[in-house]
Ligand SMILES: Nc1nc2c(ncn2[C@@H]2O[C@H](COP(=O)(O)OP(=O)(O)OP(=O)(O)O)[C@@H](O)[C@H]2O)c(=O)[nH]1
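Let's start with one chain on its own, the form predicted alone, as structure tokens.
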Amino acid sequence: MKDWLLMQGYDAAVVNLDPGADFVPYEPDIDVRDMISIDEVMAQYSLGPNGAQVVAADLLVENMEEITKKLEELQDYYVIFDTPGQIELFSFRPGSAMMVQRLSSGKAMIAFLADGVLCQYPSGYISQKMLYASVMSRMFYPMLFVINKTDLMDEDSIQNAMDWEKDPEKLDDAFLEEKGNILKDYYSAITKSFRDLSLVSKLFMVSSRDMMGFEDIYAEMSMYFRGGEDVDTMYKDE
């Protein structure tokens, strides 16, 4: 997304908020790993890797002021925050909603990244939508349901996902075909709730390998932030 924005002539930056990431496939403009060390957390609190990840996620709140100061240099930029891939380490922590509010000054959109490979199966699609709903209930910000890795999906799988999103009954039928009639009423109620709770949304299909779909995300961003107008980011001095 950052590369796409830069190619369009906009200023963009990425903030890595995952203190436990061994590798990120980009050069962070702000990196929380410069402030929080998993190894140091393990040593200080006598924790294993999993426990240290949880503590490190909570330490993000304590480092919010330092991150905010660094963000002051990026006021004319689109800033993309890369949160921990383990959803429980960020979205479900007590301070996460407050962190989104503070770091974005209340002006943010959230992109929920659903795995394209998993979304090829009705059961996988349902599980991703349920996680999407759980994050929505925590954050209270406009959210995009983004299916990534679409270069690994065939055309039929892409069309199926689009059909399931438009018509939960088709998703219900596909799921029952996949799993049989086990707990039919339970799962039918879940898919029906997607429509009843307004969880039926526009799909954003992207591929970082093929650089596809980012223009749709940008269009949605500009509609939310500026009513459809482009945001004119000013290039700063080096």
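Given the structure is predicted, the values throughout are model-derived calculations rather than measurements. We number the residues from 1 along the sequence you see.
Not pictured, yet referred to below: the form predicted together with this ligand.
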* **Contact residue in the predicted bound form, from Met130, Ala97, Ile80, Leu152 (heavy atom within 4.5 Å of this ligand)** => Leu152
* **Contact residue in the predicted bound form, chosen from Asn63, Ser208, Ser37, Ser201 - any heavy atom within 4.5 Å of this ligand** => Ser208
* Asked: Would Gly85 sit within 4.5 Å of this ligand in the predicted bound form, counting heavy atoms only?
  -> yes
* Does the 4.5 Å heavy atom contact test between Asn148 and this ligand in the predicted bound form come out positive? -> yes
* To do: Tell me the stretch among 170-178, 208-216, 44-52, 64-72 that has any heavy atom within 4.5 angstroms of this ligand in the predicted bound form.
  => 208-216
